[in-house]
Ligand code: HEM
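What follows is one chain in structure tokens, specifically the form predicted alone.
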Amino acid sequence: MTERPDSPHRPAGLSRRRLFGLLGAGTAGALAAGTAGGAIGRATAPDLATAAGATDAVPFVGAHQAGIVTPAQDRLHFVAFDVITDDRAELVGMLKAWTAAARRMTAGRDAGPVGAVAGSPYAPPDDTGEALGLAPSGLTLTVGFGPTLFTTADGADRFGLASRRPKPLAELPSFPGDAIEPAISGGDLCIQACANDPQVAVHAVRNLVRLGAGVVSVRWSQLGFGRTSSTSTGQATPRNLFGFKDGTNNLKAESDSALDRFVWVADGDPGGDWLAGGSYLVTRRIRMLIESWDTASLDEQERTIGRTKGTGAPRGQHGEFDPVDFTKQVDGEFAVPETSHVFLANPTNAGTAILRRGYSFVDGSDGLGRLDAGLFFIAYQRDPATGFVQVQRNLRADAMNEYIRHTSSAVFACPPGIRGADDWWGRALFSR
């Protein structure tokens, strides 16, 4: 992964990390295609066939940040930070350093220009080295700014940003049944690292944490596996830890008009002077009470979700993508119950749509002999008040609430993409 002059034994411009990925792609692809059907949320053969390549690099520069409509990768490392300096120049310097490192790591190179092994043996390397020899693996790094970066909880404007905080960037309200833990909620900044190799994602976050020493500290973090939504029409619908297909009707990257309406902040929106082309990110750690779920009958599970467990079809229909018919009755009852998740979360009922790209998690046990497992929910939207908040309020009577608990909550404003060689995360926000 160390950047060196091009070797005569490989094509010019091909990083060492990318080379190793290409050499191993045939074997890895064959193994994945042969075993994917037995693992929850893992990539399926159609995914591998339609994707550009699970080991390829995702472009870092663009109108929007990568990692939002990018076809969802298989692994996640999400981290929220507290800013521990009051020096605006230090914060800006760190954001510039983060951007430079992200450019390099998403391209399959070391975090720093010297690298993990090519520097002085008497100085710390500028890359930690655990991704040496690994391909880019579709790594994306997405940054967001929390409400408390603009104004602290006690009203302080540490960085002169209070007047630039857009109105939609507000702490989420509480919802019935919430069991939110403050220690794993909120944050001044966040980094979402997604990749098809967990070590690549963890390596990226580790190096950004290293570069932020003295400026930020980790507030909380979450590892995730097995994407729980499809963000591209080329991806098969995955299953969540309840065993059901998840995200069938999710917004897709190919739906430009819907993304413009529901996901991307526009010029005339609040904060549009610096946030246009960006989006608002909502995260929720949702504990699934899987032991209770596993004792429910198949009929109860399907009535709770509103879909059949095998095909993913709406109850009363045959195929996964058949339209939901809320009027159809079976044996005198609505096929899709009015308390089902599908009925209450359907965009036609909430009048809105959000782009989901969540992940499953298993974080050991809860100390009472039960798995601490569930869904790390991630959603992007143009305005949280008309996006996630509206949908969540519509779910007050959701039968699924019996089997889940929301334990973490956060909201961030994700700026637009990096436009050129001199651009950096947050430049428009901090430029005046």
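So that there is no doubt, residue numbering starts at 1 and follows the sequence shown. Everything numeric in this text was worked out from a predicted model, so none of it was measured.
Below, we refer to the form predicted together with protoporphyrin IX containing FE, which is not included among the displayed structures.
The closest non-hydrogen atom of residue 54 lies beyond 4.5 Å of protoporphyrin IX containing FE in the predicted bound form. Not displayed here, protoporphyrin IX containing FE is kept clear of residue 106 by more than 4.5 Å at the level of heavy atoms in the predicted bound form. In the predicted bound form, protoporphyrin IX containing FE stays beyond 4.5 Å of every heavy atom belonging to residue 317. Proximity of residue 391 to protoporphyrin IX containing FE in the predicted bound form falls within the 4.5 Å heavy atom cutoff. Heavy atoms within 4.5 Å of protoporphyrin IX containing FE in the predicted bound form map, among the stretches 115 to 123, 154 to 162, 240 to 248, 213 to 221, onto 240 to 248 alone.
Here the marked residues 286, 324 and 375 all reach protoporphyrin IX containing FE in the predicted bound form, each with a heavy atom within 4.5 angstroms. 346 is the sole member of 148, 85, 346, 255 with a non-hydrogen atom lying within 4.5 angstroms of protoporphyrin IX containing FE in the predicted bound form. The single contact residue among 385, 371, 66, 395, judged by any heavy atom lying within 4.5 Å of protoporphyrin IX containing FE in the predicted bound form, is 395.
Using a 4.5 Å cut-off on any heavy atom, the residues of 299 to 319 that reach protoporphyrin IX containing FE in the predicted bound form are, in sequence order, 305, 307.
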